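Take a look at this single chain in structure tokens; it is the form predicted alone.
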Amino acid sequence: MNTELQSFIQKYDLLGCVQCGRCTGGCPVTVRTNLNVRRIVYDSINESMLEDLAKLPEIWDCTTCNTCAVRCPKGLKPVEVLIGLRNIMVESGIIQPTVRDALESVFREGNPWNKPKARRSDWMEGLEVKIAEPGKKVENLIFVCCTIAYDPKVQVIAKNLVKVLNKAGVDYGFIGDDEVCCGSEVYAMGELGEEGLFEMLVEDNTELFNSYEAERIVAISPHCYSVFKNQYPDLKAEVIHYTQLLKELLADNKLELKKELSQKIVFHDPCYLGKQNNIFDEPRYILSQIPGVELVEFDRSRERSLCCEGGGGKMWVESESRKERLAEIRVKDADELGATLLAVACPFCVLTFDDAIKAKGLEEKMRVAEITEILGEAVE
């Protein structure tokens, strides 16, 4: 057994796999792709097959939703094996042009969307936004996320958060143009290694965050929250998701919701918030406090939530499958519940579900909205 294979086996504890198949049985994308997680994990032990496995197009179908890890009776993380195989391809340079361009953009501009770094804070124009200063105390240091900062469709998430925080008198500060990519999707796309792009982002962001005298780092995107919480070991400040902060404000009566919203709302649990980090109750608490709201549940909710297919670098990966997307199944489920509003707490979910609603011709019956947008309507 060569050193590279031995290292791969030990890193992902492949010999601990009992081949029960629960990972594949629970994987949401197996219904529309050729991805077989159990088979890939099993074959990864074979030295002669490792490189061929890395070349399989289906390893890019994985959305890193974490269902396989949640279901594994041995506590293994099959998703990490797939990311490791992606890393082999990234190192060899054999990747989709869209993945290559996204990674290069993160390196050059600090975001995967090929947008100028100096334009990261343009969304703040016309708003009363507080900017944090290094060395000065701030209770909540807000991290926006590349997608929210640059995509006009989801900038409303940050804009409404500003409105809500100002309304509640919260001590906060945004980072501004010094903010760069968190690295979550970089990691998922396989840019690893001691001198890889992901490690560079961790090092640079840790130095940046620790230069502020912040009590907490508040991430807007679940993907940013998850990577900061679980893969940034040297942060001085506590990391929380914005739904945890808003739940605190409502529970402490620091935020008053006056406007009634007569909506039947179903909440979709984002994978990186729920299955990855067990935050289920805070979003529901926030929505339940809005006057006039009827809150209903998907059959597949919480730990069983159906992935929207936005994570794991899938925003930059072309899928070969032409079968119905999971987001389209999800909006059909919401329609069957009679929901008029599909509530989410993730920018990727907004984008995937918005496309799915249009694809299914449901624009007249429902819309998708992020929790900050809904809350922004309720505090007016």
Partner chain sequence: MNSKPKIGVYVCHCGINISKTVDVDAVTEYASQLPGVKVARNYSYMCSDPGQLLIKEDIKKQGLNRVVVASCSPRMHELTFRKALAEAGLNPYYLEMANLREQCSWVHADREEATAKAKKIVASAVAKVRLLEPLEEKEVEVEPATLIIGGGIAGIQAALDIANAGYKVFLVEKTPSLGGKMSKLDKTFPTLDCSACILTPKMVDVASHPNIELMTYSQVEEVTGYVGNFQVKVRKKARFVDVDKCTGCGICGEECRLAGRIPNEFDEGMGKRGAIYLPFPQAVPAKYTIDPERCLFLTRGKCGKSPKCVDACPAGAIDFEQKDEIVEFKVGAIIVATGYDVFDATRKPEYGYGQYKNVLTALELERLVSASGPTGGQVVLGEGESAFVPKEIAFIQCVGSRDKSVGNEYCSRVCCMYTAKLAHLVKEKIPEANVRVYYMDVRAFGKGFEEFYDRVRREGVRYIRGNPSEAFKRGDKLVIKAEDTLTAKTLEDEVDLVVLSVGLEPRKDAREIIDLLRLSQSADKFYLEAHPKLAPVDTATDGVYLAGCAQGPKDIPDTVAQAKGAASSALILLSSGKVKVQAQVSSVDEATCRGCGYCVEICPYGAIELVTVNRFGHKVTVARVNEALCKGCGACAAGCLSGSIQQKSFKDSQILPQIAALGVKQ
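Residue numbers count along the first chain shown, from 1. Just so you know, these numbers come straight off a predicted model, no measurement behind them.
Although not depicted, the form predicted together with the partner chain is the subject of the following passage.
Quick check for you: of 106-114, 73-81, 245-253, 288-296, which stretch puts a non-hydrogen atom within 4.5 Å of the partner chain in the predicted complex?
Going by heavy atoms within 4.5 Å, the stretch is 73-81.
Though only this chain appears here, would V31 touch the partner chain in the predicted complex if you measure heavy atom gaps against 4.5 Å?
Within the cut-off, so yes.
Hey, in the predicted complex, is R22 touching the partner chain, heavy atoms inside 4.5 Å?
The answer is yes: R22 has a heavy atom within 4.5 Å of the partner chain.
is_contact(R304, the partner chain) in the predicted complex, heavy atom dist at most 4.5 Å:
Close contact exists here: in the predicted complex, R304 approaches the partner chain to within 4.5 Å, heavy atoms only.
Non-hydrogen atom contact C27 with the partner chain in the predicted complex at 4.5 angstroms:
Contact check for C27: yes, within 4.5 Å of the partner chain in the predicted complex.
May I ask you to choose, among R300, K167, K259, K137, the residue with a heavy atom within 4.5 Å of the partner chain in the predicted complex?
Selected option: R300.
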